[in-house]
Every structure is written in structure tokens, then in C-alpha cells.
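Take a look at this single chain, the form predicted on its own, given in C-alpha cells.
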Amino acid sequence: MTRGLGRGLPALLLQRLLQAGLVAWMVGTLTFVLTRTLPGDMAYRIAAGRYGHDMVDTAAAEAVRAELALNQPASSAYFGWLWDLLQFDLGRSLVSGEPVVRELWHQLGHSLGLAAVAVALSLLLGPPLGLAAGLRPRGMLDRLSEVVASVLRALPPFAVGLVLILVFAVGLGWLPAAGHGRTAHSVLPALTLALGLAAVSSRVARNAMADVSQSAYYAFSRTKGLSDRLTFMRHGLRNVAVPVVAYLGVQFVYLIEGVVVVETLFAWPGIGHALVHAIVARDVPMIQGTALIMGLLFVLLNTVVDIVCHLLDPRRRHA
């Protein structure tokens, strides 16, 4: 096992490292180009972000333009950013003047905390429901869970969040609609993300459980006299876990995409909320830094998923 594990992981880690470098370059380049093509005067937007829209005039915008050298060719600005990136320097915010890394470090902690709670909730809701439905395919629970999962997956995160706000904050008054600082503030945004994740993981778990329960080795374990519980624990759970964990890598796209929308909706001070404000203020270093961190997080999380699947599935270790 150790020898197989040692052969596979270095190649996997090297592949993910190269992927991270490619993602960093592509995300940074794409955000740079898109930011430059946005309508409106960049200098005016940055000045508004610094001083407020009511305090900005043409003189303030021109001062910002001269200070930040916004009239320089786009190619010069791009290659300057690329050189800084090679030195692991994300630059300074054009609005606050603070290093981008320092601002993102504080916001990233809030986003990771919210994402961790959302993933934990989705794993508590989705896979157990899917396992129960998979043990009795086409039963009442299976049909009902399929309908609920289809509806939740079809709705965008902001629509799910609005429904939860109307029900639990406005209607029942049990939870705050937005904000940060207390545990109660994290319930609705985490649940908004968790419901979308659980909708998919429940169906993946259901299909995996249905396939495993109809397999020859699962039936043979029951003919040996094992109880349903022992059969599931020894021959079902681990085989079901591999596709569920593998599909987490795909779900992380939904998670990273949903963080931007959910944090803005619930006024959660995370990296997604910062990205929206940076786009409004045309804060190019903050936009590039935020998008870069999100892209690298996706690569990192998929690497963790690959390692876990490598450990769970002996076929991968001995391939």
C-alpha cells in the first residue's frame, strides 16, 4: 500500500502544481482584460471608492489618474503585474492603498469559515438521505428526494437565499437576515450554500448506493450470513464514499461561485463580498488578487479530493 501510494501521489501533486501556475496566469490575464474593457472612467470609479461619490469631481479623478499612471499603455501595466506575480507580490489596493494580501487574508478567513460550515451541513443532509433512498430505489423516499433535489439544484443561490430570508428572518423572526458577528448570522448563508450542495450529493450517493446494493459482491456478503448493517458497513459504505468524495471536486465550483452571490446577499465580509466591491470601484489589483485566490482554492480543494479518493480506492493505489 505504501509503495503504491508513493508512486501515485508525487505525479498527482506535480500535475496540480503545474495546473495552479496555469490557473494563476489565465485568471489574472482574463480579469485584467475584462476590467480594462468595462464601461466608465476608471479614474473616476477609483476616486469614488476612495472619497465617496458625492465628493468626487473632475479634478479628483484627474489627480487619481496621474497618481496611479492610468494613462500608461495597457501592455505596460499587464507586464508590470505579471512581473510582480512572479515575485509573489499581488500589489496594493488602488482604493485603500493597503497590500492586497493583507486585505484578502482577513476576508479569506470569513469565507473559509462559511464554506466549511456549508460543506459540513451538506454532508449531514445530502449523503444520508441519498443512502436511505438508494437502499430502496423508486420508493416513496427516493421519488420525493429526487423532486426536492431537482428543485434546489435548478434554483440559483440568490433565489434560495431570498426564500430563506423571507421565511426564517422576515416571517418567523428566528434568524437575522444579514450581518456578521454572531453565530446566528452564519446560519442562513451557510444553509443557502449547503442546500445546493446537498441536492447534488444526495443523488450521487443514491445512485452509488443503488449500484452497490445490486452488485454481486454485495449480494454474496449477505448470503454469507452478514446482517444488513454489517453488509453495509463492510461492503457498502466505502464503495459509496468514493464517488461522493470525487464529486465534491465538481461541487466546489458551485461553492466558489455561490460564495460571491451569498456573501453579497447576506452582507458577509468575505472574499466574494470584497470582489463585488472591487469591481464596482475598478480596483484592479484587488479584483485580480481575489479571482486568483479563488482559482487557486479550487485547485487546492480538488487536490485534497484526489488524495482522499486515492486513499479510499485501492484500485487507484495499485494501478
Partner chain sequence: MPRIRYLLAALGLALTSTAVHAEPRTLDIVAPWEITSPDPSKSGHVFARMQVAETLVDTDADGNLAPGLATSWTQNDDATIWRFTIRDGARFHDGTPVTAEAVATSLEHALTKPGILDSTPIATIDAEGDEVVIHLESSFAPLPALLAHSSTQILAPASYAENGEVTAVIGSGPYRVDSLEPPQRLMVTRFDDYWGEAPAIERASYLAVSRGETRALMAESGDADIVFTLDPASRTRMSRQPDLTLHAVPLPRTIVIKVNAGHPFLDDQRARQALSEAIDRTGIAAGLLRAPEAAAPELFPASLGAWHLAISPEESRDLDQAREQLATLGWEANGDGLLERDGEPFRLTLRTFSDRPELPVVATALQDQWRELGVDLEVAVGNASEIPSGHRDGSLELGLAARNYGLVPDPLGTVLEDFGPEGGDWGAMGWSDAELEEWLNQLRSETDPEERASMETEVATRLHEALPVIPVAWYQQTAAVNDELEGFSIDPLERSYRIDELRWAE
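Numbering follows the first chain given and starts at 1. These numbers come from a predicted model, not from an experiment.
The next section is about a form of this same protein that is not shown, the form predicted in complex with its partner chain.
Its partner chain is not drawn, but in the model of the complex it has a heavy atom within 4.5 Å of Gly181. Although the partner is absent here, Asp41 is a contact residue: one of its heavy atoms lies within 4.5 angstroms of its partner chain in the model of the complex. Ala154 falls outside the set of residues with a heavy atom inside 4.5 Å of its partner chain in the model of the complex.
For the chain shown alone, Pro176 is a contact residue for its partner chain in the model of the complex, at least one non-hydrogen atom being within 4.5 angstroms. For the options Gly28, Pro285, Gly272, Gly49, the residue carrying a heavy atom within 4.5 angstroms of its partner chain in the model of the complex is Gly49.
Residue Met55 is the only one of Val250, Leu34, Ala69, Met55 with a heavy atom lying within 4.5 Å of its partner chain in the model of the complex.
Taken together, Leu22, Trp81 and Ala118 are entirely out of contact with its partner chain in the model of the complex: none brings a heavy atom within 4.5 Å. Listed stretches are 140-148, 125-133, 159-167, 81-89; the contact stretch with its partner chain in the model of the complex is 159-167, by a heavy atom cutoff of 4.5 Å.
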